[in-house]
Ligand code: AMP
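Let's start with one chain on its own, the form predicted on its own, as structure tokens.
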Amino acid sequence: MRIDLHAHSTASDGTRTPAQVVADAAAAGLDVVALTDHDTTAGWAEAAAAVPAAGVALVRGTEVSARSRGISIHLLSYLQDPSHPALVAELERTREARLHRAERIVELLARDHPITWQDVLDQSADAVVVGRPHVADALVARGVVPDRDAAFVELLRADGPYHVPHYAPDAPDAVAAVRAAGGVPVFAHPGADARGRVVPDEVFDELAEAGLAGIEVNHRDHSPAQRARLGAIADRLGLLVTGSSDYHGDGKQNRLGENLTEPRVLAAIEEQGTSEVVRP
């Protein structure tokens, strides 16, 4: 069984609609795919409706923004109750912060480059979550940079002159909120050191105490050394190990199925989650 537990759609910063993500998963030979858009569940219904025709099972989830020791981190929340009041309120607050951050970034960029807020809105289309990837796409459309990756390397990096922080809950609080909503929290790409600073080992202990279920160990942004480190942490803390693509359609080079999760791990996630996997 081929299982990929991390993919994004146009509901956040992917380039494929939720239904297209499910169809793409079928074309990639997957049996199960998770839709985990940033800080929203807006794509769940469309993706679920596409399951019968595609013949691929759907794990409904969200990539939740959080912060630890001043470092931005992400949690994959699987099979939570999408209507849980506390988590809904937290996600809405984060989405608003992302939006205002993007507006401020554009203000700073516009001093040196030809870009407007309307350019960003043109790129974000129907996205519920507007963020830096849409700013990157606007820069590409304007011919400032050749692609989204170049935009992040050259202009949108965390240590660059156009960086603007945004609100995100403390990581243990985010883990607790996911658990309160009946979700299963997994730490997304925690060793992606090329993106910026990564949290020290003791943070995993804090998150495990708060209810962390697993670590996304197998990810293209993890070096062999980071995979070994994260696997050892998971073993020490008794956490699940997942593998995923972090698919964004044409927004990134990541391809569906390039890293996979074992069936026994998905079974453990299902046992802990409130919602059910949508099956054909």
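From a predicted model like this one, the values you see are computed outputs, not experimental measurements. Counting begins at 1, following the sequence as shown.
A second form of this protein, the form predicted together with the ligand, is not displayed here; the remarks below concern that form.
- Residues within 4.5 angstroms of the ligand in the predicted complex, judged by any non-hydrogen atom, belong to 94-102 and to none of the other stretches in 169-177, 114-122, 94-102, 76-84.
- The listed set Glu206, Asp193, Asp149, Glu107 contains one residue whose heavy atoms approach the ligand in the predicted complex to within 4.5 Å, identified as Asp149.
- Interface residue remark: Arg60 is not counted as part of the site for the ligand in the predicted complex, having no heavy atom within 4.5 Å.
- The shortest heavy atom separation between Pro133 and the ligand in the predicted complex is within 4.5 Å.
- Contact annotation for His38: at least one heavy atom lies within 4.5 Å of the ligand in the predicted complex.
- His248 belongs to the set of residues with a heavy atom inside 4.5 Å of the ligand in the predicted complex.
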